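This document starts with one chain, in the form predicted alone, laid out as structure tokens.
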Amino acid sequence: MKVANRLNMLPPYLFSELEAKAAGIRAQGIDLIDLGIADPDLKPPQFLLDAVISHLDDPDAHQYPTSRGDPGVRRAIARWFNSRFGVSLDPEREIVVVLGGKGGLSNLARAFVDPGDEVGVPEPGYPVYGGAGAALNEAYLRPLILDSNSGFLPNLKDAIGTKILFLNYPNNPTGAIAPESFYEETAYFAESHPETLVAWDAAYSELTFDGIKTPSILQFTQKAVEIHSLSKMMNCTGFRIGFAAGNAAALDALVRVKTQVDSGAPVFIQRAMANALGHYEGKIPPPECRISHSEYGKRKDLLEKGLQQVKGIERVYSSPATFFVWAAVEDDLAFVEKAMNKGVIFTPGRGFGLPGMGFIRASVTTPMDKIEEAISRISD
């Protein structure tokens, strides 16, 4: 059988290749410390786990959910969004529950991108923007270069004429946060270029340190869609739950796609998310989340300082957000291979687009003692 041509447009999924290489090394009896894929190792808060279990007994928990999301859950999300960002949303039209951030972003692109269109993709950036956003829609990727000289912010003029523009702050993989002036600039772009849908990936909006609280793009414009995920906020990547908020017409289109490709997230997980968001106090996360976020912040500080002392690391870009540490090296593939042979996994920057060549990404979803051991191994 011949697969669809669009599959041949996809680059190899970076993390699958890393997993295969790591499996080969483990087969040789080498103990690997994985600083590559960022999958939270800390436990979800107990109130979230309790809520999942309790909602299993809901009379309709076994039935099909709706494509837009449970009405009570959408109302809870609207309350959270208002208290967290000061933005009032209509839960009937301006919120859609999605199967994690990846599902929301992918289906939003499918709703708007035609073959031959151009998709604005930050590079280095989350591979799903170019893969599910452009390639699987038989569209062209228009790279928006992120470099240290601009604070890892794109030039939005490079996105003029694109069908959809993906933006992501706090940023994966660089860890950068955007100043309020960039939110204002993006709002102006969205208002003045209605042919382009701005899709703001806010998966890491709650994973910030040093007292920093990032805003929402919806505080500056309604001509955008913002995607949130519980995955990083509450250490539950496997639950596959999040939500899209913002422009009603865009979300209507998203729902039309969802009616054909998924039946919505399980009701008991949706309602657990609603309960969990209700544990916020205004902008302040619940104590359990503050503890885990603080732990990630300490790990990140340790890793940033440790990498600064490692031979071959040219520069470490410290940041007050995300699981990630972004660092410059001479040759990212050579550095990653050498580190893997010493029992430490990093992600080569080129896996996030060609502008990522010469960089590595490290994650802090492993305990402090393992991070210390990883630094020791690659320092030998």
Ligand SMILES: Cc1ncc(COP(=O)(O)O)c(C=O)c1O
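Since the model is a prediction, treat every value here as computed from it, not as a measurement. Residue numbers run from 1 along the displayed sequence.
Form predicted together with the named molecule: not shown, discussed below.
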Discussion item. Under a 4.5 Å heavy atom criterion, is L105 part of the interface with the named molecule in the predicted complex?
Written reply: yes
Worksheet item: Does at least one non-hydrogen atom of R240 fall within 4.5 angstroms of the named molecule in the predicted complex?
Response: yes
Item to complete: Indicate whether K232 is a 4.5 Å heavy atom neighbour of the named molecule in the predicted complex.
Response: yes
Discussion item. Against the named molecule in the predicted complex, would G100 count as a contact residue? Criterion: heavy atoms within 4.5 Å.
Written reply: yes
Worksheet item: Would the named molecule be touched by all three of Y126, Y129 and Y204 in the predicted complex, meaning a heavy atom each within 4.5 Å?
Response: yes
Practice prompt. May I ask you to choose, among T162, Q270, T186, N168, the residue with a heavy atom within 4.5 Å of the named molecule in the predicted complex?
Written response: N168
Fill in: Partner-proximal stretch of 168 to 176, 141 to 149, 83 to 91, 107 to 115 relative to the named molecule in the predicted complex, 4.5 angstroms, heavy atom
168 to 176
